[in-house]
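Starting off, we have a lone chain in the form predicted alone, written out as structure tokens.
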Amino acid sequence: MSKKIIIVGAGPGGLTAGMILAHRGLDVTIVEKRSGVGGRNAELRLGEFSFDTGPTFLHQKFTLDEVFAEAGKQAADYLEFQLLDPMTRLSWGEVALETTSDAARMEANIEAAFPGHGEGFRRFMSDHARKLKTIYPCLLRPYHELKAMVSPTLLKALPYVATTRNVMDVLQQYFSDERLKLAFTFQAKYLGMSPWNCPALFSIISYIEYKYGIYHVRGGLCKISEAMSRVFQENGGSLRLECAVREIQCAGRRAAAVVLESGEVLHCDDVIVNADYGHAATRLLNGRSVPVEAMARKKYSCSTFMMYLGLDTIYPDEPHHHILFADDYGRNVADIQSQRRVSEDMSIYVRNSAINDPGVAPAGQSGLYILVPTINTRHGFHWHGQSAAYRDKVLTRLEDRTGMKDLRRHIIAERIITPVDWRDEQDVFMGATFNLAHTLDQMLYLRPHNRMAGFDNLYLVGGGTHPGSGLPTIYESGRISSNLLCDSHGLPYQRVDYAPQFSA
């Protein structure tokens, strides 16, 4: 008889695990409380405007290709990818840098904006090719057993991992201009962290981006989750939407069943949890839940103030991705890390995808996705009383510092998501959009394990477990947990590897 697997949540990690395990012949059901798949990677619609709720950058595409292949499919058969070139415009007042994965042009762009720093870029790329090859295999392994901390792959990487240096310390070796350092450290925001606190090993994120590029997916990155759902069901999996989970019934070290809010009991051999880690661990474990106070003692990422704007015009000269740095970026980040102060001098990310993908809006119109990193909800900032004023400050900065001088006049549809909304409507613990912080004491064995500690058959996927936040690592968490589950039942599988230069 095939083993019965229940996956709680149809986010990217749960869908990855689901389509892989269904392909391997297991009886897999995904239960999702919402009416659609994707979680923070879901589509958000405002009338005829389509937005990504969360992630908009797709880097490390080879990982996505690998997990589709492990499900017996090819991602290109389900999704249309566009390699963006240029990738992102980075702006500091009057100075701007267009980024690209073309090394020669990237060096030239750096020289034009920051004369004399091209040589530092060459050294950064050369050094980080070696660094990535050493570190990458560590991100593919589970760390649910302490012996994993003495594996040959991790021991080899220890000089990069076991260090108190941060990402900004690493960039000091290559660039003297503080603004240019930010062009290689803003990627720490993919983890919801400050480059002054983010461990040094994560400088590989900017290397991967500048080496291999970033992609847009036609229709938005939400289409990835929709494609995964389709593959999952083609492989024989059962998807049940609008099925909220009340609890996971536990019997000793085993998760025995998943109880829905309707009262229906789904008995199973294994459970995979793709709900937000803090939410699931404090709410769903039927007598084994972690006290909220204990969970709150952990370290969390920042949150985000989100604006989704439908416009009756298109701004063709604005870039696909644009990051406007705060005038005092260090202070802006310190405000966020304080978890108390909301910056007046904010950094802003804008996606204007209609210039490359007109199908996300009605003809002649466009949608802007706007993200402002800000404090999580730890100290109870009253967003509902402040969000309208903060929205106006963001719009003023955009009108002042971009070509969208008449932006307000063109807004015909709008939605705002505050940190409180992330917490209360999306069940994100503490509104920490990027989950647990990626500090040295919350990584590898010290991060929630892919097989949850204290259980023999309860697995975690998503940003709250190893390897961490960001779409590629969430996909990897789905694969790691799937492999652990199959190992527990003696089920054979073969790993697909499209990055042999990293794992050799």
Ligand SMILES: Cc1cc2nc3c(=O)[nH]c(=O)nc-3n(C[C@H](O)[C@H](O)[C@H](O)COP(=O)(O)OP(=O)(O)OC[C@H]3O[C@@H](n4cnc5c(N)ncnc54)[C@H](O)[C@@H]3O)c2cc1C
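In this text the structure is predicted, and so the values were computed from the model without any measurement. Start at 1 with the first residue shown and count on from there.
There is another form of this protein, the form predicted together with this ligand, and it is not shown here; the text below is about that form.
- Put simply, Leu371 is close to this ligand in the predicted bound form: some heavy atom of it is within 4.5 Å.
- For Arg45, no non-hydrogen atom is located within 4.5 Å of this ligand in the predicted bound form, even though that partner is not displayed.
- The shortest heavy atom separation between Glu32 and this ligand in the predicted bound form is within 4.5 Å.
- Among residues of the shown chain, Leu471 is one whose heavy atoms approach this ligand to within 4.5 Å in the predicted bound form.
- Contact with this ligand in the predicted bound form, defined as a heavy atom within 4.5 Å, holds for exactly one of Val350, Ile204, Met306, Val167, namely Met306.
- Just one of Phe121, Tyr210, Tyr143, Phe434 comes within 4.5 Å of this ligand in the predicted bound form, counting any heavy atom, and that one is Phe434.
- Contact with this ligand in the predicted bound form, defined as any heavy atom within 4.5 Å, is confined among 180-188, 267-275, 373-381, 327-335 to 267-275.
- Residues of 418-433 placing a heavy atom within 4.5 Å of this ligand in the predicted bound form, in sequence order: Trp422, Asp427, Thr433.
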